[in-house]
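Shown below, as structure tokens, is a lone chain in the form predicted alone; questions about how it binds or moves come after it.
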């Protein structure tokens, strides 16, 4: 089917061959990251510093699980079996970031996921809002409305913790540990896979555009923790990006995957007999 340069893709059948596979891989990565991030939020429902923060973790967990189900369900049209994706894969086939592989051991580490990683995922979803692939842009607007609360929650807590030196030091360590994975998430400059999606109008910009947008969101606080430098609207990373062992296909470091307990929870192993769909 021939498409004009600005025509919409109404289904996967309309997508060029060079676009379908990378778009499916992006949706799978979004789904896996949201599923695992929801688990990390859920772990802090009872362990958060305040009752209000625990309630917020519950709400954010439910948001992420709901979003993951949306992305998993979309993958049927890309040749995947959504049920197998959700409930049958080994850890090596997950496309989540390495920073979600294991339990979060402290509140500052959870805030690093909340502020840096959740925002990185949201930026990538934002790049789909004006997508020429219609089944996506009709779905992501509601997702982003829910995600705004996640950023506000992280922003409030980080502002609060920056007021004391001990808490600031803990944040510096936690955000620093997650920093490189977030920078890599968007892909290297001139990545041909991301470029194909951008050229086709499926995402609204390449890797550097997305990374710059993310830095605009997190740059002010990150600069106070020696992770970013510059000024409003022109933040850059204060650390060089380390691409060693990075997998373009899995959008993470090549080795590893969710640990055994996290994998069982992500797949729903303990309740497998109750699965209805």
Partner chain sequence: MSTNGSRTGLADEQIYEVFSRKDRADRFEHIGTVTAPNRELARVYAWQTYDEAKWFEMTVAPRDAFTAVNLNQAPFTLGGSPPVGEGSVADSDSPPGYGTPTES
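Residue numbers count along the first chain shown, from 1. This structure is a prediction, so every number in the text was calculated from the model and none was measured.
As for the form predicted together with the partner chain, it is not shown, yet the points below apply to it.
- When you look in the model of the complex, the only residue of 42, 70, 55, 238 with a non-hydrogen atom within 4.5 Å of the partner chain is 55.
- Put simply, of 105, 159, 190, 92 only one has a heavy atom within 4.5 Å of the partner chain in the model of the complex, and it is 159.
- Residues placing heavy atoms within 4.5 Å of the partner chain in the model of the complex fall in a single listed stretch, namely 145-153, out of 73-81, 167-175, 145-153, 93-101.
- A residue is said to contact a partner when one of its heavy atoms sits within 4.5 Å of a partner heavy atom; residue 231 fails this definition for the partner chain in the model of the complex, lying far away.
- Shown alone here, residue 60 lies within 4.5 Å of the partner chain in the model of the complex, counting heavy atoms only.
- The partner chain in the model of the complex is not approached by residue 244, whose heavy atoms all lie more than 4.5 angstroms from it.
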